[in-house]
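The chain that follows stands alone, in the form predicted on its own, written as structure tokens.
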Amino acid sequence: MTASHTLQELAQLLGATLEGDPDAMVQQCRGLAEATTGDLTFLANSKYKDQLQTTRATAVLVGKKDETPAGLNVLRCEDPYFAFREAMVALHGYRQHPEPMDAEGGISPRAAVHETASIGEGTRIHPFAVVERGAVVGKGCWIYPGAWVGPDAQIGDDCILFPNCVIYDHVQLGNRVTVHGGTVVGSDGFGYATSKGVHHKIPQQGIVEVEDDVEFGGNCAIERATMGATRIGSGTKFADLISIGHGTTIGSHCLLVSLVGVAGSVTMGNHVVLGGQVGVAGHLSIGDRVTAIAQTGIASTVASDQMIGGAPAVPVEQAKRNMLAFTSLSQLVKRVRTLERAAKQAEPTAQDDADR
């Protein structure tokens, strides 16, 4: 779905200041390098500012103080990236979900819905989806082919379960939760007791509780707790390929980038950002508003309002210095070896001692 707007209309919608032709029309959003006539683009990172000179876009979203070339239509705003988000909604809208094939009342006859399951008004269930006994699915949900909702699971209103995702038994999802394809919520925690060299499985009797407005990317795994609950706070967003260990609590409005791994029994605060490939050891706490850059290894508790990096994690400026030093490590080794050889050659020999 696309919709056209004049720049004047967009300026009013976005709360932006227009510099240029108010009657110019835009139909879609594209990047600075790819944009052409009829496109709206944006500058949110200064390293791309040179592309303002060459972009063929009809208009560009920029910051209040950004310098722009003459003759370019610009929409000045406080936060160009958020304004770009708002423009995407206005011009493109959200994904339109297809109706289930051969559906009867929104539920395909080829879906398997247990007679004891409860399905809310307006929910759509595609062919080959399964909703097991005692499960409760709220209003206005979309359940795609291959999705499985386990026994006694609870799904809130306006949730989206994309193809081949799995919601295990007794898992609880809040409202407006999105689960992308291949993600598993509520699989057994990695719990074993080792005795005489043999790993014995511990029954995982807990659940997973997911609050409102959470989104899981593709192929994530959120383990159920051994006892109690693994919890994901409201507004938290996961990218793809993320693993959350059993009994962990993640706060509200956190961002976890792809390939993050969080071990069990971790307590994470609100507004935490974990970059790609960050690893978090078990049984520790991470405070509010912590940011960990990519490939950080968190092995001990982190206080609130820290920016960290490296493995093991240290303050980010120290981590950057360590990384720079590491890039010159081979040269440093050569220098040390050269100095060692020179020192050895300068050592007095036994003959020198006899001559003295």
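Given the structure is predicted, the values throughout are model-derived calculations rather than measurements. Throughout, rigid core stands for the largest set of C-alpha atoms superposing within 1.5 Å between the two forms. Heads up: residue numbers just count along the shown sequence, starting at 1.
The form predicted in complex with a further copy of the same chain exists for this protein as well; it is not shown, and the discussion that follows is about that form.
Colleague: Since only the chain is shown here, I'm wondering whether T291 would be in contact with a further copy of the same chain in the predicted complex (any heavy atom pair within 4.5 Å).
Modeller: No, no contact at 4.5 Å.
Colleague: Considering non-hydrogen atoms and a 4.5 Å limit, does a further copy of the same chain approach N175 in the predicted complex?
Modeller: Although a further copy of the same chain is absent here, N175 would stay clear of it in the predicted complex, with no heavy atoms inside 4.5 Å.
Colleague: Check L329 for me: does it contact a further copy of the same chain in the predicted complex (non-hydrogen atoms, 4.5 angstroms)?
Modeller: Yes, contact at 4.5 Å.
Colleague: Taking a further copy of the same chain as it sits in the predicted complex, is T68 near enough to touch it, meaning that at least one heavy atom pair lies within 4.5 angstroms?
Modeller: Close contact is absent here: in the predicted complex, T68 is far from a further copy of the same chain, nothing within 4.5 Å, heavy atoms only.
Colleague: When you measure heavy atoms, are Q12, G105 and E121 every one within 4.5 angstroms of a further copy of the same chain in the predicted complex?
Modeller: Zero of three within 4.5 Å in the predicted complex.
Colleague: Residue by residue through 306-321, tell me which have a non-hydrogen atom within 4.5 angstroms of a further copy of the same chain in the predicted complex.
Modeller: In sequence order, A311, P312, V314, Q318, R321 come within 4.5 Å of the partner.
Colleague: Using the core for the fit, does the CA position of Q12 change by 2 Å or more between this form and the one not shown?
Modeller: It does not, since the Q12 C-alpha is displaced less than 2 Å between this form and the one not shown after the core fit.
Colleague: Rigid core aligned, does the Cα position of E340 differ by 2 Å or more between this form and the one not shown?
Modeller: True for E340: a C-alpha shift of 2 Å or more.
Colleague: Would you tell me if Q331 moves between this form and the one not shown by 2 Å or more at its C-alpha, with the rigid core held superposed?
Modeller: True for Q331: a C-alpha shift of 2 Å or more.
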